[in-house]
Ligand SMILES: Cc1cc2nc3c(=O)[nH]c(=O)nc-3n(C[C@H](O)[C@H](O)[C@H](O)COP(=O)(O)OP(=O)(O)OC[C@H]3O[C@@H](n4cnc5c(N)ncnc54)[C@H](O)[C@@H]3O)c2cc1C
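For reference, the chain that follows is the form predicted on its own, supplied as structure tokens.
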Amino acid sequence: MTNETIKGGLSRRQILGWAGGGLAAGLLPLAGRADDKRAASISSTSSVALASTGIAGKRVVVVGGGMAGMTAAKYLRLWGGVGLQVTLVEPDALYTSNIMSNLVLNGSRTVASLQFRRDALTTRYGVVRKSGRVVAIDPLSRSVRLADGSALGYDRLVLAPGVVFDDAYGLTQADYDTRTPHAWSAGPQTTLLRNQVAAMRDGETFVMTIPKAPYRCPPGPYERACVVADYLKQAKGRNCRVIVLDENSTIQAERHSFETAFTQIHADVVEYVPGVSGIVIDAASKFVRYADALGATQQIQAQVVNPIVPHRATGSAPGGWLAQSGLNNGLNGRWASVNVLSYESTAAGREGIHVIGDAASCGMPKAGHVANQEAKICADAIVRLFSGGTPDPQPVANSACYSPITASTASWLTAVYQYDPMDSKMKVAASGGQTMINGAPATATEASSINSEHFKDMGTWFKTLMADTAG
């Protein structure tokens, strides 16, 4: 199938690479920032010309209205044309961005400023929106059943359900909501954590935990430690402590930037402890016990505890709808394994079901920008399949991520991912397209410094990405 040219003379392959840090600035409508009273509505007065593909009578149901689901719904219509019916199933009226949500903790943003409507998906692209929650999938009849008892038939199903959080470290879901918030889904828990941090006094201790990878980012755990440390230094005093208990043996992203932040910029406040295990947290007393990398038992009395707990694809727990459908076939049943050429499930007998975003096990980070890219590859593949073709055999995705280090400075990380047919995975590629450099895997590119210009660019990148996702 050819790469149809759409509005502005841009091809579908060109759009697959959009929304990089600053790359699309000026090309896409910018999302307005909301005030505390209303959510931002991503919209544009320009008309949208849907592709003319000849596809008719085909139905795609997209489950989940986050970064992956919104992008998939939008681009399925944009590239599939008016003959492709796209229904987006999502229970929440607004989307709250996890990107930038750590800035709520230092008061520079509010949760309301991160909320966006999905109106443009309907008004500009003709996506049918259905308020509901999926409770079951019938792969044989190709239908999904919703909590209200209704059912939706599909020719292709795209699942972008996001993640749910385990009861971990001796804590429960009620603890997360009321006493020890993970705040890993932006919303009420973010506000609760913000209030707890704001109530701290000089000399008190903030403890956060980081689970073994893979985990969703954003919010970024290491940037959260930096934002909280910076706030406490400025607002409470330099006798506060931020203790980071990482179950991984080393920093997982932007290692140079965060090593600099922990050992220089915030060295007087942050204590980074890698390789921990056996974490136990008392929600009432905020007493934390763990084993260090040498196996010795350690304990901390904290005033605020932020446990970033292990998580998994929504519905993948035993008895969940994803598990009952046999789709949780990756990493001990926690994620859904997919063919990265189309994001179609690799589970036997689950043809026509695609999984994208945080719920997928695909080798790329579980990040908002990556979800946007996965959704485009998936949408492109589905349109090609409906047109009698095959998925692009050489998909390319890019990822950009900005990390605030203080209230006015930031760093960044960017990577290009290219399909490697040798092991059917997406891998980081160097500028020349090679996935191996001098016998070693290519790596992501990290900012050489932490500065205020990166912080300004972060705002532009975020607005551009959100506009491309749902605008």
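Throughout, we count residues from 1 along the sequence that is shown. It should be emphasised that the depicted structure is a prediction, and the values quoted were computed from it without experimental measurement.
There is another form of this protein, the form predicted together with the ligand, and it is not shown here; the text below is about that form.
> Note which of I377, L157, V207, C217 lies within 4.5 Å of the ligand in the predicted bound form, where distance is taken over heavy atoms; exactly one does.
Of I377, L157, V207, C217, the residue with a heavy atom within 4.5 Å of the ligand in the predicted bound form is C217.
> Could you work out which of G149, G107, G349, P91 is the residue within 4.5 angstroms of the ligand in the predicted bound form, going by heavy atoms?
Only one listed residue qualifies here, and that residue is P91.
> Candidate spot D246, R312 and K425, all three in 4.5 Å heavy atom range of the ligand in the predicted bound form?
Per the other structure, none of D246, R312 and K425 touch the ligand.
> Any idea which of 128-136, 78-86, 328-336, 284-292 reaches within 4.5 Å of the ligand in the predicted bound form, heavy atoms considered?
So the stretch in question is 128-136.
> So in the predicted bound form, does any heavy atom of A367 sit within 4.5 Å of the ligand?
Yes - in the predicted bound form, heavy atoms of A367 and the ligand come within 4.5 Å of each other.
> With the cut-off set at 4.5 Å between non-hydrogen atoms, does I99 touch the ligand in the predicted bound form?
Heavy-atom contact with the ligand at 4.5 Å: present for I99.
> Is there a non-hydrogen atom of R118 within 4.5 angstroms of a non-hydrogen atom of the ligand in the predicted bound form?
Contact with the ligand, yes.
> Does at least one non-hydrogen atom of P181 fall within 4.5 angstroms of the ligand in the predicted bound form?
Close contact is absent here: in the predicted bound form, P181 is far from the ligand, nothing within 4.5 Å, heavy atoms only.
> Taking only heavy atoms into account, state which residues of 49-85 are within 4.5 Å of the ligand in the predicted bound form, ordered by sequence.
Stretch hits, in order: V63, G64, G65, G66, M67, A68, G69.
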